[in-house]
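Presented below, as structure tokens, is a lone chain in the form predicted on its own.
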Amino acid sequence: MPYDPSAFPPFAVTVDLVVLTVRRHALCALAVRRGEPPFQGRWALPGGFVRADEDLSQAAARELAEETGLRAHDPSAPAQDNGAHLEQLATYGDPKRDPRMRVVSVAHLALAPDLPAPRAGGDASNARWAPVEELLQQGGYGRDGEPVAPLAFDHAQILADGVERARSKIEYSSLATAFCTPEFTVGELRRVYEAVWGVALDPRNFHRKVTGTPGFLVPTGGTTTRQGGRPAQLFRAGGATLLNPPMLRPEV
């Protein structure tokens, strides 16, 4: 029989973004307050509908630029100024996840160094960086005395999946450097691991591991005193994408 498009119900495709950064030594995610129904007034992840003339990666990159002012870069290439690591996370398709209609979301994970205060865009009335532990607490999230409520849609699950992806990938890949500026110290990189994993790490053991892992870090020849104390050696990300041996996450 000939194919009949009308025999299948229409549905929409969206991209939702788990945008992570480290601020004040805490792993934070970008959250937006919805300005329109459904879930008006609730906090959610940034995102939007995929346009008819763009593919999924283009839609995710567009939403990232609109929400943060960042452009995505190829994680296998040297980091660009004002660029962010962007990768596809997972697909979420529960028929009841959006009360408006059948909506399938292709979530993406974005990582970038300490970012400035965000600006609200699209149907968002407000935007802020919030510690992921607060966004994922069992009772929901609220700020400044507002009622506590879960994140809109299934965004709590998407956020939890994105955080776990980041926590696991920095064990065996150089992804942790995506949270750093192009030149960074070992101490700054250690604080990234501590923030993402939520544990304290021994500075000497960490220094020995990261500087002894082939291709992980490359000395720039410069130093900095921005951390206070003695001048600290500056590094940049090396060419290795996989770490051997891996940086194993401590058990907590």
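One-based numbering along the sequence shown. None of these values were measured; they are calculated from a predicted model.
There is another form of this protein, the form predicted together with another copy of the chain, and it is not shown here; the text below is about that form.
With a 4.5 Å cutoff on heavy atoms, residue 202 does not count as touching another copy of the chain in the predicted bound form; it lies far away. In the predicted bound form, none of the heavy atoms of residue 206 sits within 4.5 Å of a heavy atom of another copy of the chain. Heavy atoms of residue 56 reach within 4.5 Å of another copy of the chain in the predicted bound form, making it an interface residue. Taking the partner from elsewhere, residue 92 is found to have a heavy atom lying within 4.5 Å of another copy of the chain in the predicted bound form.
Partner contacts here mean any heavy atom within 4.5 Å of another copy of the chain in the predicted bound form, and among 188-196, 48-56, 23-31, 219-227 they occur only in 48-56.
In summary, among the residues 167, 128, 71, 102, the only one with a non-hydrogen atom within 4.5 Å of another copy of the chain in the predicted bound form is 102. When another copy of the chain is considered in the predicted bound form, only one residue from 137, 181, 157, 88 comes within 4.5 Å through any heavy atom, namely 88. For the stretch 215-248, the set of residues having any non-hydrogen atom within 4.5 angstroms of another copy of the chain in the predicted bound form comprises only 244.
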